[in-house]
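A single chain comes next, written as structure tokens; it is the form predicted on its own.
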Amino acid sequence: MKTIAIANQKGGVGKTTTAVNLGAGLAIEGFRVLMIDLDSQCNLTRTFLTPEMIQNTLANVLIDNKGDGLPFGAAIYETHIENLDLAASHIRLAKLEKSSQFDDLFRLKDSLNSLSDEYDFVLIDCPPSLGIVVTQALLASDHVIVPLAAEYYAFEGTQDLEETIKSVRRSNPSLNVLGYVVTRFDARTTASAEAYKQAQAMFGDKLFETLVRSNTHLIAAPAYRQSIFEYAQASRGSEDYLNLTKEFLARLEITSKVRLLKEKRK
């Protein structure tokens, strides 16, 4: 199981959009995927679940239980997309930022260890901050993907994120940045072109080749509780996230055949 945190302390850069559509893309490829909504704004959760569908959330598991009672799986729900599950968020997750116990930092990691045979990938949608919640996510992850909006001041704070990742590596030495992905790219604007050039200069081969272009379908799809592949299969957004999914797998040196081979061995 590979765990990937999707993180950037700057809001509005496409973290949730990337979690939704990368998760859906991997599921379509035949991988078993768990998305974890660690953002107390609950946007990822609302994309797939209605309130009446939810009984327990990560707040019940990570805050209320303190290691006893409900298992992590109690907060996990199947989505309408085959192979794609979701651990639901709640506004009370914001209370995690007030945690003062060192052991609490590893509660998510410990919980995921119990799921290692159930999923090929775990994607963690992080809140727009560099607090304790993001630290929990990084401690539980193998890789980080950093979405960057193609606009002025888009890369402010990336150095702070890199410092946080460096600090977390003391306890999780295998953690690495899988890549930076430019989102909301509009070839018609000077700002996007200059932001992309800046990203190339700053991140080099850590920058995904895939550009996620600005696309109204990407904005509209969540309102219909759909991924871009369902809502607008022929759109630029669908093309871009399909390409990102393929590039993601290539960077990890994994093909869709891996899952099929696993099934044949059972």
Ligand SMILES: Nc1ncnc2c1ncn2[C@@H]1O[C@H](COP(=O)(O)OP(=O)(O)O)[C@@H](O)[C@H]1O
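Residue numbers here begin at 1 and follow the sequence given. The structure displayed is predicted, hence computed values, not measured ones.
What comes next is about the form predicted together with this ligand, which is not displayed.
Which of these stretches, 227-235, 50-58, 206-214, 23-31, has heavy atoms within 4.5 Å of this ligand in the predicted complex?
Single hit among the candidates: 206-214.
Tell me, which of H143, R184, K109, H90 has a heavy atom within 4.5 angstroms of this ligand in the predicted complex?
The option sitting close enough to the partner is R184.
Given that this ligand is left out here, which of L38, L218, L62, A199 has a heavy atom within 4.5 Å of it in the predicted complex?
After the contact test, the surviving option is L218.
Hey, in the predicted complex, does L244 get a heavy atom within 4.5 angstroms of this ligand?
Although this ligand is absent here, L244 would stay clear of it in the predicted complex, with no heavy atoms inside 4.5 Å.
Within 1-24, which residues come within 4.5 Å of this ligand in the predicted complex, counting heavy atoms only?
Contacts from 1-24: K10, G11, G12, V13, G14, K15, T16, T17.
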